[in-house]
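Here you get one chain, nothing else, as structure tokens; it is the form predicted alone.
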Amino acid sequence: MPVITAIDLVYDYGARRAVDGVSLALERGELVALIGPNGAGKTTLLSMLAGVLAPTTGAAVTHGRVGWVPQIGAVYSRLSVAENLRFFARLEAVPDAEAAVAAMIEQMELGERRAEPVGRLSGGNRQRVNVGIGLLGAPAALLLDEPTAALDPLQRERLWGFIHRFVATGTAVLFSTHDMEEAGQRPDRVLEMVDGRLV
């Protein structure tokens, strides 16, 4: 059974159709890239799959928790790594928030940074916190919008190492990217979006 199924998803911004009849299925333990030019509808599609946007028509059916990591993270710069994770764990009603936070800090190798304000972290470490927030509560699927856009090559490799660990344990991951090399080497499948449609 797919962890996410999109059925003829449509989203209109006023008179402009951003997503035009997209259907797809994301299976457990699958890594899928979503590519396309700016304005193709990638972020809008991911937002609907995450439940952030309600589709104009169509439906997104999920089985299990879905983690969502937008391109611009929602972390609080003045809060520490642990405080950010704790806040979002409680916001998402994650069972045993303290245990989930401790486990995520260990899994993302952020132990030495746990008490440091997120605003002082490097871009790579900040993005690991963002991804860690999305993975709180062991979601069945993780949706990532341009997860490596602001990272240097070494930071990218490290982040992908963490993401691949979760894919190996059965988490389905769908990520958008403009990096054709990344899209060609990392995923099980590549989906291309143009003018709101999968092509």
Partner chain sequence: MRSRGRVLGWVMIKDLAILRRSPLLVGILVLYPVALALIIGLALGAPTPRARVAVYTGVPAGHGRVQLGGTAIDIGAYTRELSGSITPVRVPSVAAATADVRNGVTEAAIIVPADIVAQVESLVRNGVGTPTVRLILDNANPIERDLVSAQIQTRIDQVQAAIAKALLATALTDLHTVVAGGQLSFAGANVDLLGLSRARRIVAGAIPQLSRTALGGRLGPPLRRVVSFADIAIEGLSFASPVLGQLQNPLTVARTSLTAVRTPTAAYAVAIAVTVSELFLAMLLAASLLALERSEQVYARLVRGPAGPVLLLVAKLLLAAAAAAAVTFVMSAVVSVFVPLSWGRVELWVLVLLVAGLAFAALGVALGAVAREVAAASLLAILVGLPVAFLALIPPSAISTGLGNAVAVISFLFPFKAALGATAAALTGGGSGLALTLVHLLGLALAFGGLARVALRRFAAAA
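Note that the coordinates shown come from a computational prediction; the quantities given were computed from them, not determined experimentally. Residue numbers count along the first chain shown, from 1.
Heads up, the form predicted in complex with the partner chain isn't pictured, but that's what we're talking about next.
Novice: Note which of L53, V167, A138, L151 lies within 4.5 Å of the partner chain in the predicted complex, where distance is taken over heavy atoms; exactly one does.
Specialist: Contact check passes for L53.
Novice: Is the gap between T171 and the partner chain in the predicted complex 4.5 Å or less for some heavy atom pair?
Specialist: T171: no, not in contact with the partner chain in the predicted complex.
Novice: Please tell me whether any heavy atom belonging to M104 falls inside 4.5 Å of a heavy atom of the partner chain, as the geometry stands in the predicted complex.
Specialist: It does not: once the partner chain is placed as it appears in the predicted complex, M104 has no heavy atom within 4.5 Å of it.
Novice: According to a 4.5 angstroms non-hydrogen atom cut-off, is A33 in contact with the partner chain in the predicted complex?
Specialist: No.
Novice: W160 versus the partner chain, in the predicted complex: is there a non-hydrogen atom within 4.5 Å?
Specialist: Contact check for W160: no, nothing within 4.5 Å of the partner chain in the predicted complex.
Novice: Is any part of 78-107 within 4.5 angstroms of the partner chain in the predicted complex by a non-hydrogen atom, and which residues would that be?
Specialist: In sequence order, R78, L79, S80, E83, F87, F88, R90, L91, E92 come within 4.5 Å of the partner.
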